[in-house]
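Okay, so here's just one chain, in structure tokens, the form predicted alone.
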């Protein structure tokens, strides 16, 4: 069975992707900081008959990243790495003039540094996979100038660039930066608590990621709404 590591997998898009992959028979290594919510997500995914390892921890911890890859190795390797764990930098979001620098550092550490650290840890196993792939969950804030989204957007723009360069440096892999579009998630609610407009559930967005796995287009940046429209 193929093996995926998914960070930020206790809820939202990470949990939806875990569920969708489990239905397809993938074995999973799941990460999140909240142990109880992660346990629930793992139990749900394992209900599809796949092997699931749930490791609560912080992706900024090098030891935790090593443990995630070690767990995947025990399951057979790493065929897919999804960097989904994210930090906003401030909750709710604020203008750059008010953004705490510690918050910006946290966003960069989680969204960029930890993502690269986990790729580096997993790279030997990804290279051995006949269909090795890396997914960096991005945002439209990485490409558009939205007020109050500056710190988060800057971190996602940096993640996009890392993914683009990794795709060039590792031609044997597929490296996709994916903008999932607006979703009804706790992260969005924390970012903009006053916004009550209806948004798609993460489970409705997961098929866009599955399409990438099925069709394996060239490494690059993709938008989930466009992928869903083309189905």
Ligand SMILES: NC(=O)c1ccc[n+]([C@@H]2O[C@H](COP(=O)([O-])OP(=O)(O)OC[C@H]3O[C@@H](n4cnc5c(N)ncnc54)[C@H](OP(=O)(O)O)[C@@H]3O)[C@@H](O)[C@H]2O)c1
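Please read these numbers as outputs of a predicted model, since none were measured by experiment. Positions refer to the first chain, counted from 1.
This protein has a second form, the form predicted together with the named molecule, left out of what is shown; the following refers to that one.
Student: Would you please decide whether residue 163 lies within 4.5 angstroms of the named molecule in the model of the complex, comparing each non-hydrogen atom pair?
Tutor: Taking the distances in the model of the complex, the answer for residue 163 is no, it never comes within 4.5 Å of the named molecule.
Student: Any chance residue 58 has a heavy atom within 4.5 Å of the named molecule in the model of the complex?
Tutor: Residue 58: contacts the named molecule in the model of the complex.
Student: Using the partner position in the model of the complex, report whether residue 8 sits within 4.5 Å of the named molecule, counting heavy atoms only.
Tutor: Yes, residue 8 sits close enough to the named molecule in the model of the complex that at least one of its heavy atoms falls within 4.5 Å.
Student: Should residue 13 be counted as a contact of the named molecule in the model of the complex, where contact means heavy atoms within 4.5 Å?
Tutor: Yes, residue 13 lies within 4.5 Å of the named molecule in the model of the complex.
Student: Is every one of 27, 167 and 172 in contact with the named molecule in the model of the complex, taking contact as a heavy atom within 4.5 Å?
Tutor: Heavy-atom distance to the named molecule in the model of the complex: none of the three under 4.5 Å.
Student: Partner absent here, but in the model of the complex, which of 119-127, 84-92, 69-77, 97-105 has residues with a heavy atom within 4.5 Å of the named molecule?
Tutor: So the stretch in question is 84-92.
Student: Using the arrangement in the model of the complex, list in sequence order the residues of 24-62 with any heavy atom within 4.5 angstroms of the named molecule.
Tutor: Heavy-atom contacts within 4.5 Å come from 31, 32, 33, 34, 57, 58, 59.
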